[in-house]
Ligand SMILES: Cc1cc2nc3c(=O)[nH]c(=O)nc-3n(C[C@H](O)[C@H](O)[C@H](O)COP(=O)(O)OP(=O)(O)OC[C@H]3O[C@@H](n4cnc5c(N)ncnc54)[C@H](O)[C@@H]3O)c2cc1C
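Taking the form predicted alone, here's one chain by itself in structure tokens.
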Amino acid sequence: MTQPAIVKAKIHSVRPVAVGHFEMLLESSQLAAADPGQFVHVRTPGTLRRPISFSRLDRVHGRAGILWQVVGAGTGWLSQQPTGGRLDVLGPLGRGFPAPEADRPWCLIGGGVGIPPLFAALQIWGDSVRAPITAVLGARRGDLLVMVDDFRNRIGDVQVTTDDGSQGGQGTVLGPLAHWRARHPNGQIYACGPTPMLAEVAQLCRGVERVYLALEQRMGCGVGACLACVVLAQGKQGPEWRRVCHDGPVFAAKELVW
């Protein structure tokens, strides 16, 4: 795992990718060496940094992507940064996804801004998986979906759902996941999205050996010192608190207490 550091990364590009969503490419071989599922803590105007997961990792050219939704002044400022400027980030941080097993069918389940770290995982490991790979991507509306074409350029089985039915099937990612799980009882599942979605994924996939969840959580320090992002997990002596920024954000589903 790459050791975290403060990086003044050059901004290669910034572009809108959906309504209110932007992706930025940063030039940094250190960030590009991150594990899929790790994140950076981005300095924006104000007191606290913003945690954002990697959306793509280009280790050949030394570039790393981050993708976010504008929800306030900090993320709005970030979307207006110029190409060629510098961005102050702390990272790579946290524990990412483990490498998938090559001979198990692999399902990537993403909701909203939980989609990007799953593409980074597909980008790094997709060529090493010999079994079928499926992606199920969901959002509230079709104009909020991100990175669908990126997935389709790499794998053939990409299923899309939206709450309002404006793109793909109407409903959530849980329906397609249930069908996939019935066909692939020994498969492996990686998911990222809102906490209620992840709780339902964990419930639906109870008993599956390899289910990994990347949690979305508000953070203070990003390095495990402030204990502002804890979740309840199963320890050796019973339930215990784990720090999402340090012990996660990726956890095995069987670790967590919902």
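Quick note: we count residues from 1 along the sequence shown, nothing fancier. Keep in mind it's a predicted model, so treat the numbers as computed, not measured.
The discussion below concerns the form predicted together with this ligand, not included here.
Asks: Just one of 56-64, 210-218, 23-31, 197-205 has heavy atoms within 4.5 Å of this ligand in the predicted bound form; which?
Replies: Single hit among the candidates: 210-218.
Asks: Looking at A99, A178, V71, A131, which has any heavy atom no more than 4.5 Å from this ligand in the predicted bound form?
Replies: Looking at A99, A178, V71, A131 one by one, just V71 meets the 4.5 Å heavy-atom criterion.
Asks: Although this ligand is absent from this view, report whether R43 comes within 4.5 Å of it in the predicted bound form, heavy atoms only.
Replies: Contact with this ligand, no.
Asks: Does A191 make contact with this ligand in the predicted bound form, using a 4.5 Å heavy atom cut-off?
Replies: Flag for A191 set to no.
Asks: Indicate whether this ligand has at least one heavy atom within 4.5 Å of a heavy atom of V113 in the predicted bound form.
Replies: Yes, contact at 4.5 Å.
Asks: Just checking whether P51 would be counted as a contact of this ligand in the predicted bound form - the rule being heavy atoms within 4.5 angstroms.
Replies: Yes, P51 lies within 4.5 Å of this ligand in the predicted bound form.
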